[in-house]
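Form predicted on its own, single chain, as structure tokens, below.
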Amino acid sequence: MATQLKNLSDFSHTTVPDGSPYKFAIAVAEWNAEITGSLYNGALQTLLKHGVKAENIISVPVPGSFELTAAAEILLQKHKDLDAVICLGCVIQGETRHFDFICDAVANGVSNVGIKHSKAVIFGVLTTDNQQQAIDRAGGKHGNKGDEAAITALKMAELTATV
């Protein structure tokens, strides 16, 4: 697999927009907190690095990844001036089909909230086979998906503002 060989959070090949005109929310799951905390730190630092003012970032914790959809909906209803919502979570495969149901519900829910509000709602949820894969993608050898989610939010905010 290509992911075994590289850091996937390299953005040297693309232009990242200035975030200073935008307002974002980050919803982060508390379940698998070691992983989601790293995702959150990556997303937050990436937004700040690209010019988003700290006062233009709303952060909310939710119990687990399943609740990210509701959080995105609530945030977009209460804060009409948001340019994007970043949803961060981590679901690790276990012995039951629970993993499949949660991953499917969150992916579809996040997408549907974005469509409903015509706003970018970013799926920054790791769906891994094991803890090590999650660690590798939350600041480990494959980068930080939180960084990637923030870059996606910046790019989508710019797209929304310019079309």
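Residue numbers here begin at 1 and follow the sequence given. As the structure is a computational prediction, the values presented were derived from the model and not from experiment.
Just so you know, the form predicted together with a small molecule exists too; it's not on screen, but the next bit is about it.
- The small molecule is not drawn, but in the predicted bound form it has no heavy atom within 4.5 Å of Ala105.
- Taking the partner from elsewhere, Val91 is found to have a heavy atom lying within 4.5 Å of the small molecule in the predicted bound form.
- The small molecule is not shown here, and in the predicted bound form it never comes within 4.5 Å of any heavy atom of Lys49.
- Taking the partner from the other structure, the small molecule in the predicted bound form has a heavy atom within 4.5 Å of a heavy atom of Glu95.
- Listed stretches are 116 to 124, 132 to 140, 95 to 103, 41 to 49; the contact stretch with the small molecule in the predicted bound form is 95 to 103, by a heavy atom cutoff of 4.5 Å.
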